[in-house]
Ligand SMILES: Cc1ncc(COP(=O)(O)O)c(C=O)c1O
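So this first bit is one chain, no partners, the form predicted alone, shown in structure tokens.
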Amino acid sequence: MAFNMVASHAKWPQKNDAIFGLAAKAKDAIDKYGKDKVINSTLGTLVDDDGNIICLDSVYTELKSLPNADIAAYAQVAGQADFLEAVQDACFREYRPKAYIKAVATPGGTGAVRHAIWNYTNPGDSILVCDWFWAPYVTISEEFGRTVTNYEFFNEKGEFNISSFKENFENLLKKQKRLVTVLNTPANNPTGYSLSDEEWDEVLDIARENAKDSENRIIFLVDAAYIDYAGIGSERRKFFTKFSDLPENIFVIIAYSMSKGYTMYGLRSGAAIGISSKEELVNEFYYTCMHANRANWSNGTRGAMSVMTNIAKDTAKKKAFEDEVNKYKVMLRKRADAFVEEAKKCGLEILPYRDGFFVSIPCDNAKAASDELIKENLFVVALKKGLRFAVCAVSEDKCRIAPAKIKKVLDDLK
């Protein structure tokens, strides 16, 4: 019998993160063959055409101008008060729901995901996630003794599969009487799909119908990590108003991240934002999450909070920031359009793309395809159901080259 020191609940397979491992291989290939000869579609970070990570000047100029004490000092456990106001404005803009709302600072959107799963499910519960999903949803759930149930994200027409969603939603709710449902939208990772306003109506109609049972507790976790690079202007935020006047046993948590919109990937800042028609439930949310903050990471990154707050308060700084974001949104859209166009030309099947950092290619042999593509110096992430191509990290020219290369490898593997 194996000799272990860690407790049984903390014993996990000894393996490294697959995506970061693949990124390391891509870096080695770049060092060996040169940037021009390698397509590095691994990490979900905005990268310029020369392969350098994009860091918004408006953000880092503000960060470097902060007094040392504003960077070094502890933040409040729940987050600085002015940040908690600023982050709500940044998230909702003109589409703030008519509801009671409170926010708590978290280390990126991941902290908000953690709080939703731990605080709103019971041991042994299953959370509901579509079958094209960000892997840490499972990692976090397993850490806490929860499981994940998947519904089919797309139907045969390439539309949001409301039937599969409804079936799995109601089955789990009937069994558990409480359910956390994760909706990673807009700009889903890994597909780039965003639920339309009409699809949101269908989802919420199902929730309202099931909320008629007063014993049910329905929690939506909206992972909006990529919202700042979705759509034109604020159009992808319109759905927030649909969270107005919901039944009191439907609670909404937004996972908002500064990683993408502010290119602050490593500074780990974001917020969990609770929305309810009942004030005492958002107060409960606030103090529950504040307790969880203290129990896990104590408090957040004060310097990052100050950056958001200072930009929000200054009209010129805010305009400079928004102009930069819009510039890179256009760049991202051009890259995605190039990939989608070339995929159509060469007959490469891709999942429906609407916004964001990634495009996904369904296939049965993703790991084998990824391994073969490495031989072509094209690095693309293998998922359970296909491949993830990060248009955020690849120049427009290379986005035009990649689909045909992927198509040929997939055809050769058949």
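Position 1 is the first residue in the sequence shown; the rest follow in order. Because the structure is a prediction, the values reported are computed rather than measured.
One more form of this protein exists, namely the form predicted together with this ligand; it is left out here, but the text below deals with it.
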| query | finding |
| --- | --- |
| In the predicted complex, the one of 303, 97, 231, 107 near this ligand [non-hydrogen atom within 4.5 angstroms] | 107 |
| Sole residue of 293, 257, 181, 276 within 4.5 Å of this ligand in the predicted complex, by heavy atom | 257 |
| Interface segment, criterion being heavy atoms within 4.5 Å of this ligand in the predicted complex, picked from 335-343, 209-217, 129-137, 79-87 | 129-137 |
| Residue contact check: residue 239 to this ligand in the predicted complex, 4.5 Å heavy atom | no |
| Non-hydrogen atom contact residue 141 with this ligand in the predicted complex at 4.5 angstroms | no |
| Partner contact for residue 227 in the predicted complex: this ligand, 4.5 angstroms, heavy atom | no |
| Residue contact check: residue 268 to this ligand in the predicted complex, 4.5 Å heavy atom | yes |
| Residues within 4.5 Å of this ligand in the predicted complex, restricted to 391-405 and counted by heavy atom | none |
